[in-house]
Each structure stands twice: as structure tokens, then as C-alpha cells.
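Take a look at the C-alpha cells below, where one protein chain is shown in two forms, each on its own, as structure 1 and structure 2.
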Structure 1
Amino acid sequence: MKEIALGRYVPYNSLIHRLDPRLKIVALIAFMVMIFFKFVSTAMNFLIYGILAIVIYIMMRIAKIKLITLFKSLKPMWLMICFLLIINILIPSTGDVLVEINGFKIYYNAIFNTLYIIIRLVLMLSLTMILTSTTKPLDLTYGLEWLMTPLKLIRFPVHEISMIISLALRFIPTLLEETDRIMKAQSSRGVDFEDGKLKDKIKAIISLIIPLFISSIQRSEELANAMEARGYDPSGKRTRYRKMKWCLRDTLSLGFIVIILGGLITLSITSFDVFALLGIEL
């Protein structure tokens, strides 16, 4: 559980760490939109995914996030990836046949659809890891609250929602550490989480979930009591010691994101295919 980096802030003095949290939230949303663009051909889709992967990798290097950390965070996803592959193979499809086994046909489309989902999941997890690793939870709260300020006109609880999101992100690493601690404690008492029959694994999971659930309730109650003891009032007027400042580097970064997003929108609308232009059939 300690290998999962989602939600963990890593203090460094990199360029991405110094960027405005509002910009990083907007950049996350923009890149998420880019990931779900659909282009004219499969080859163009994978080309764009490759370009996005290179950009995200460069951002990870700037933020000093190791690639091995991302791979370790993907471990819990392998079961879901295998499940998606099986589902896509079993769903009736059309197109070219990749392989035929005893009359059962596996189509190229099934493999490509699974690859689409896997690549999107990896890219989205990478972007989320960059955001949470380079931004303090309190800065995320301020950024979200500022971006949702127009919703105050319709009496939307902006501060409460941003605080809830911030607390949820803050407690992800705490809950992961608590899960790891409970697993070690239960393993020392003879509980086997890896081997055994299905019935034994269900009992092992129950022995993990129930203490974790109780611990989560206790922690949330302690947090609520601490906030109440310090006079926290969500509807009261609040002041801040630290002010968010928009700098030149934020403007340049925003311009870079706008250029990439605008280029991809143009490619998607015009159905431009670089491989067809070069006469390459894939």
C-alpha cells in the first residue's frame, strides 16, 4: 500500500511545484479532455496518445516523480485490466479477425478497445499523481474554491465542497498507511491475504475491511472535533495568511497548454490524418 503515490505530497522545489495551484487544476482538466479526444483513425489516436505520454513524462521528470513509482501504483489495476480484456473479447464485434481458436474469433477491435482504456487510465493516473505530488492539500482547497467562485451566485456551497475534496485527498495516504498497518497486524495473527481458498480470502478481506472502516470513522470524528474546537465555521468569512500569486511562469505554462489543446481540437474537428497524408496505411 505504501507504493501507491496517489494523494501523497512530495516536497520539492521544482518548476511544477512552484506553479499556481489554480493553473495545475485547470491543466489537469485540460489534459483529461485531451485524453478523451477521438480522431479519424486508430493510428492517429495512438500517435496523439504517444505525444501526450511524452509531455506527461517530461512533466514527471521536472516534478522529480520517478517512473517506477507510477508502475508500482498500477499494480492494483492489473486485475481490472485483465477483466476489461476478457469483456472486450467476449462482446460480439466486427472487423478483422486477429486469431481464431476452435471457432471462437478474437477481433482486432477488442484488443484496440482494451488498449484505449488502459492507455487512458495510465495517462489519467499519471496526471493525478503529478497534481497531488506537487500541490499541498491546502493549496488545492484554495485553488478549487477560487475556480468555483462564480457558483456562489447561485448559493452553491463552494467552500464546503472544496474543503471536502481537500480532506478526501489528504486522507488517501493516511488510509493507505492504516490499511498496510492492519494487514501486517492481521498477518502476524495468521491471516493469509494471498493464498488459500476463496472462502478463506473472503474472511481475510472482512478482517481487513471492518477494522479499517472503524478506524476511518474514528479518524473522521477526531478531525470533526478538532475543527470544531478551533472554531471552524464553514459559513463564516475567512481570511488567509498565504495569498496565491499569478506569475509569468504561470502565464507561459497556460499558453503552452492552450496551444496543445487548440491543436488537438483542430485535428479532431478537421479529421486530419497525418498517415493518410503521407500515404501510409495502418
Structure 2
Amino acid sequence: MKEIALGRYVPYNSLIHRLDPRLKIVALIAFMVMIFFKFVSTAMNFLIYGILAIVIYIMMRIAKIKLITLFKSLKPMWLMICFLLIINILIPSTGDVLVEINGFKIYYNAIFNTLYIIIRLVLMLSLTMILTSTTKPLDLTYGLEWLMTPLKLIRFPVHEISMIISLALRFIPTLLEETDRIMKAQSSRGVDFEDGKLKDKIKAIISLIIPLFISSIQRSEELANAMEARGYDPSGKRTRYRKMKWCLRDTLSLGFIVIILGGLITLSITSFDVFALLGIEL
């Protein structure tokens, strides 16, 4: 149960914690875009991934996230990664052949493509982890709401959506606690959540899901009533107790991100290749 709490807000006071949530969201999007850039050659791709990985690692260090937590959250993905590898190998490809078994060719490209996906996954996960573990869920939604404000022009229900997101975020820990409690209660009645036959497993899951659903529905009903009782009106204009404040460090960080993003775009568009430039053959 405890591992699910990964990526949950951790109250340190690092530089990244203090950055403006709006900036952090924009930065996340910018980095995600960077991860998907393509460069001239395979070597160039890996070089840029390496640089991005180092930058992200440094950010993780600043945010006081341990690498071990990242690997723990990757554990459930092994199956997916193997699956990806198999699919990539089966798809006919072009280029150099790595090995040939009984006329079946495994290409370098298949391996590289799988590696790209894995690297992208790991980097994206790290980035998301940095955002969620350094930003309070509420700040996150405030940031999102602010960034989505222009959408109000096209009658997009920005406030409602951000309210829904913040409620959902707010109830994740509650739901986890509830899950833990019901699991304990049912295992006191002899349910074995760890091993057992498939039929027992299904029964175990049912004994967890039904109470969970019922209490969630009850809770949402109570919440809705409480909100209405206090005169909640989604279209009402509201003020905020704590205002987001843009500081110098936010401007500097934004500059940093713009520089990296600009640099990578240039490299990509101009088909720049360091290795060719230095005359290194790969």
C-alpha cells in the first residue's frame, strides 16, 4: 500500500518546492516536448537523452527525490517493456541487422526504438514525479486554472474543471487510506489478498471494491450536500486567500527552460550532428 503513495507531495523546502506552480506546469510540458524531439542520428538522439537525463537528475536531487523511489514505481512496468521489445522485434524494420536467426532478422532499429520508448517513459515519470512531489495538489490546480483562463473565452468551464481536478486530487490519499482499512478489515475475516487461487483472488477483490465504491459514492454525496449548504455556486466569482506570486527565481527558471528548448529545436531543425562535426565514425 505504501508504495502507491509515490509521487505524493513531500513537504521539503527546496528551490523547486518554492517555484511558482504555473512555471512548474509549463516546464513539465516543455520538457515532455523535448523528450520527443528527433535528431539526425541515433548517436545524436542518445546524446541528447543523456543530457536531458542529467538535467532531470539534477532537478531530482534539488527536489530531494531519491532515485530508489523512481525505480520502485518502474517495477510494475517490466512486463510492458518486455512486451514493447517483442512487438518492436516482430515489426519489419530497415537498416542494419543485429542477428539473423533462421532467416528471421532482428534489426538494430528494433532495439533502439524500444530503448527510446523506455528512456522516454523513465524521463517522463521522473518529470511528473518532480512536479507532484514538490507541488501541493491545491497549488497545482490553481496553476492549471490560471493557465487555462484564456479558454474561458470559448466558454470552456475552466473553474468547474479545476474544481473537479482539485477534488479528485484531494481524495486520492483518503481513498488509499480507505483501501488500506477495508483490506485490513477483510483480511481479519480471512481474506487473503496476497496469494490464493484465481477464484479466491476474485472474491478478495470484490470484497474490497464494493465497500470502496459505496463509501466513495456516499462521500461524494455528503460532499456535494456540504458544498451546497455553504452556498457553492460554480459560476460565482471568487477571491483567493493565498495568491500565487511570480518571483525573480521563476523568471530565471523560465529563461533557462526557454534556452534549452530553443537550443534543442535549433539542433533538431538544422540537423546538427556533433559526431560528424568532430569526425567520429560510429
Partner chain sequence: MPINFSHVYYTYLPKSPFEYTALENINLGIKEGSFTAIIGHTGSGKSTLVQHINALLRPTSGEVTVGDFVISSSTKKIKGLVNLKKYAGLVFQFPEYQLFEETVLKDVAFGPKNFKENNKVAFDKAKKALLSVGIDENLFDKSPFELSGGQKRRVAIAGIIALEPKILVLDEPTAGLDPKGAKEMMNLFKQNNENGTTIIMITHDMNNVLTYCNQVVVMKKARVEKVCTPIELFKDDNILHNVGLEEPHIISFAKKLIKKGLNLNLNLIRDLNSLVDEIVKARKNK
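By rigid core we mean the largest C-alpha set that fits within 1.5 Å across both forms. Source: prediction; values computed, not measured. Just so we're on the same page, residue numbers count up from 1 along structure 1's sequence.
Only structure 1 matches the form predicted on its own. Relative to the superposed core, residue 151 undergoes a Cα shift smaller than 2 Å between the two structures. In a rigid-core overlay of the protein, residue 255 has its C-alpha displaced by under 2 Å between the two structures. The two forms, fitted on the rigid core, differ between the two structures by less than 2 Å at the CA of residue 68. Overlaying the rigid core between the two structures leaves the Cα of residue 233 displaced by 2.9 angstrom. Note on residue 216: its Cα is shifted 5.1 Å between the two structures, core used for superposition.
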